[in-house]
Structure formats: structure tokens, C-alpha cells
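The chain below stands alone and is given as C-alpha cells, in the form predicted alone.
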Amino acid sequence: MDISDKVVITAAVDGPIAVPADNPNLPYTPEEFARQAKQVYDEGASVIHIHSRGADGMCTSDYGRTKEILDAINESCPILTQLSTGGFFPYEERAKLVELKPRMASLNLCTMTFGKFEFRNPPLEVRKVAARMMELGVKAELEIYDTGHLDFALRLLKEGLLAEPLQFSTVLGVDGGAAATPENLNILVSRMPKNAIWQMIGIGRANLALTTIALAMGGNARTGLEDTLQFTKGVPADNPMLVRRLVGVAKAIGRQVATVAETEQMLQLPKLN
């Protein structure tokens, strides 16, 4: 199987901040998550990135609710689940979610300002979660918002708390992190290990431009309502249309979209326990 130039498309379908009033296409029931998972899978996404939501449409770190959402998605289609352990809930609640054994989970590396909020990721607790993810066979999606986050990830690798190939998500454009510029993307990618796998996450207006640049550089890319609520200025987006557009960009520059099986191989995901 030649996967040397395949691209992994991830759909981040909701996110930690937006509410249904911001965009009515945000999923929040298990059934809506399952339906949208099938839609983005059919459009070409091989990974779905999930923030759990309660019956009121608001984000939650509730373990039982998150299990309901994961189970519904797994029943709907073969898409690979990537559960967020981010957000602004108590760290121990977020960390517990890896016990649900998604195929991947975010590992947020450093405490930072995140818009109007403080995004807490204490280094000792991050180490504990990284170790537990390795025990469970959950691949760490390393979200880096600035150069120091990359440095800390490399430190965890030296400590034996991460397994290569490292899987990075470069997040640019958050108020409190590095700006969404091609220069910052290039700096971060240039400092990654040679065998690292990376994707671009551009926030807001930067989403399409920077994911396009990342695809041209040979990286992977993420889109979805977590990253941009509008398709074009004044036009609300939905998750299938955002994935369809990104797949079209990839194909336009000669890159083929990876299937689920190819993504598992490219990311070297641990075998299911």
C-alpha cells in the first residue's frame, strides 16, 4: 500500500467554546454526533475530533455522556475517534476521559491563555496522562500552540512518555498562542523530528489559507466547526461542507485522501486492546 503522499483529513465537529446559538449546525446529542460522523466520513474524513456536549448543547467533561457519544459514533461508521481532553473543566475530569479508549486523544502540553480563558495543563498531570495513554494504547495527538509546547513534547519523548512517530497538531491563531502565519507554521514544522506526522489547525479566518499551505507542504489538515463557524464571510458552515472543501483542495494539488486503514498505518496507531 503506497501511502507516501496520502493526506489525513480530520473533522473537528464542535469544539470547547461555541454554542448552538453561534451556529445551529453544531452537534450535541449522541444521535447528531453519529449522523455528522457518517457525513464527514462519507466526504473523506478519516478522523473525527470530539468535544463532548450535554443535553443543553453546552460542552461537558461528563464521563457517561462522552461514552454515549463515542458509542454512537462507533456504531455509525468506521471513522477513527479522537477525543479531546482539552477545554476548561477540572483537569482530573478531562484526564479521566482517556479511560474510554478512543483510538486517539489530545494531549495538551502547557498551561496558556486561551482567549478570555486560562487553559490549565499542569506538567506533572500531563506526564501522568501521557503515561496512562501509552498503557491503554491511545495515541497522543500533541496539540502545540507555540514553540515552547513543542519543546515540552520533545522532553516527554526523551522521558519515554511518548511513542514515535509523534503526531503533532499545530494550532495557530488562538488569542494567547502563536499567530496564524505561514512563518510560524514553517518554524514549528522545521523543528519537529524527521519522522513526525503533523497536521495544521488554523483558527477562524486563517483556517482555509493555512490548511491549504500545510497540504502543499506535505502535511495533514483539520477543519470543522471547532475551527471555523463560517464557510465564507456571513455564510454559516456545516461540517460536511467544510470537509468537502478541504478534500477538494487536497485533490486540486494532486494529493489523495487517506482511508481509515491508510490513516491507521500512517499514524501507526496502537492495536485495539
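These numbers were taken from a predicted model, which means no experiment stands behind them. In case it trips you up, residue 1 is the first one in the sequence shown, and so on.
Heads up, the form predicted together with a small molecule isn't pictured, but that's what we're talking about next.
You can rule out all but one of 180-188, 160-168, 139-147, 73-81: in the predicted bound form, only 139-147 has residues with a heavy atom within 4.5 Å of the small molecule.
Contact annotation: of the candidates 198, 152, 119, 91, the single residue with a non-hydrogen atom within 4.5 angstroms of the small molecule in the predicted bound form is 119. Taking the partner from elsewhere, residue 51 is found to have a heavy atom lying within 4.5 Å of the small molecule in the predicted bound form.
Using a 4.5 Å cutoff between non-hydrogen atoms, residue 203 counts as a contact of the small molecule in the predicted bound form. Remark: residue 87 counts among the residues lining the small molecule in the predicted bound form, judged by a heavy atom distance of 4.5 Å or less.
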